[in-house]
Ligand code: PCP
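Take a look at this single chain, the form predicted on its own, given in structure tokens.
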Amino acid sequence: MLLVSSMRFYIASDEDILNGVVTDIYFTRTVRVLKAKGVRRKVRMEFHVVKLPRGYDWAVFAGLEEVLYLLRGKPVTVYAMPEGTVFRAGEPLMIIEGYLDDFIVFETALLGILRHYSSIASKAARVKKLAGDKTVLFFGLRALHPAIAPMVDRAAYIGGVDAVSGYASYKYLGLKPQGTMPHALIIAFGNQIEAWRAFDEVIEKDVPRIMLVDTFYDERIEALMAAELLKEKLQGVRLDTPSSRRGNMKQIVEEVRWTLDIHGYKHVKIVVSGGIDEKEILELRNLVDAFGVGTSIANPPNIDISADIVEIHENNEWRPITKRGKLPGAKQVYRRRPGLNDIVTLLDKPGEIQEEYQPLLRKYMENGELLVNLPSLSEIREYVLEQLRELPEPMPM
């Protein structure tokens, strides 16, 4: 029988992650064997993606700051693309150089950080690219364990969403959360007009008056009710229509827009949320002003980053070696912008590269010491958006 006193959140502590406790058992056994047999091998381990998810031509590299935090103070050198770099399959994202027994135990955590971050950031970037100049709000925290809420909001923001709804993200990330109201508020009042009026009376004036308009009546009717109640104070209406009542969402939005316009409420914006993914964005982006996107970003296709030894240090030089199916040798990526005009070479022997091509991987850490100042969250996001402007739209999935 489980006693109340033994209940807890089953989450790892910072200490356990930093000390290599959060790992797979075969890595701890690897360290034991290497130490027992006196094998001390200096290697270069490369992190890369062999194949992107179906329909993906590119992805966003994210999670580097947490990786460097994990490796800080440990005897390793780290080369990496800047966080937020858009990349293609087959390109090196990060290289760790050091003695294998010093860092192999951290492979599980390193891959977990990079895969999770990059998966969310990449999906957010696809969504934002398709939405164009329309606002994208991330509402996906309810799809994941609350312990990682700040990380998820950070990854989505890196990918390009315009705002997040997480209340804790102001504390952890300095991001001001945005959102409207839940159906629960309206149901608690039992009357949408009373709920809207109460929201307007209680909530700070700098919070946009965007009212949820699909609780009891038809969206078109409730949108007009909200507009007639708040007049010029109403900045927008949100349609969160469930799939069981949705029908043709485009026609619903067209009805709401038409009705608001003919009654003199052209200033009222339309926000659509609930089950929004790439196809819905493509269909509705010319009609709505903002999208609330949750689960499709929070639970995205996996960016399958793997890690492989690609060089070992022997006789005072680096020798290319790796398992079959992978390309030996530590690599560098040279890029000519705009776009993803990339050349992959050996890290130490790039050959002749034209001047307009710039190396992407840079040395971030040497012997556990950080060598550069890391960019802010907003700077990483702007870097992603800058690259997205140079790319064609993805094919909606």
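Residue indices: 1-based, along the sequence shown. Please read these numbers as outputs of a predicted model, since none were measured by experiment.
The following text describes the form predicted together with this ligand, which does not appear among the structures shown.
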item	value
Residue stretch of 166 to 174, 266 to 274, 203 to 211, 145 to 153 approaching this ligand in the predicted complex, non-hydrogen atom distance within 4.5 Å	266 to 274
Residue among 280, 240, 308, 97 with a heavy atom within 4.5 Å of this ligand in the predicted complex	240
Proximity to this ligand in the predicted complex, single hit among 302, 295, 191, 235 (heavy atom within 4.5 Å)	295
Close approach of residue 117 to this ligand in the predicted complex, 4.5 Å, heavy atom	no
Contact flag, residue 182 vs this ligand in the predicted complex, heavy atom cut 4.5 Å	yes
Residue 139: touches this ligand in the predicted complex, heavy atom cutoff 4.5 angstroms	yes
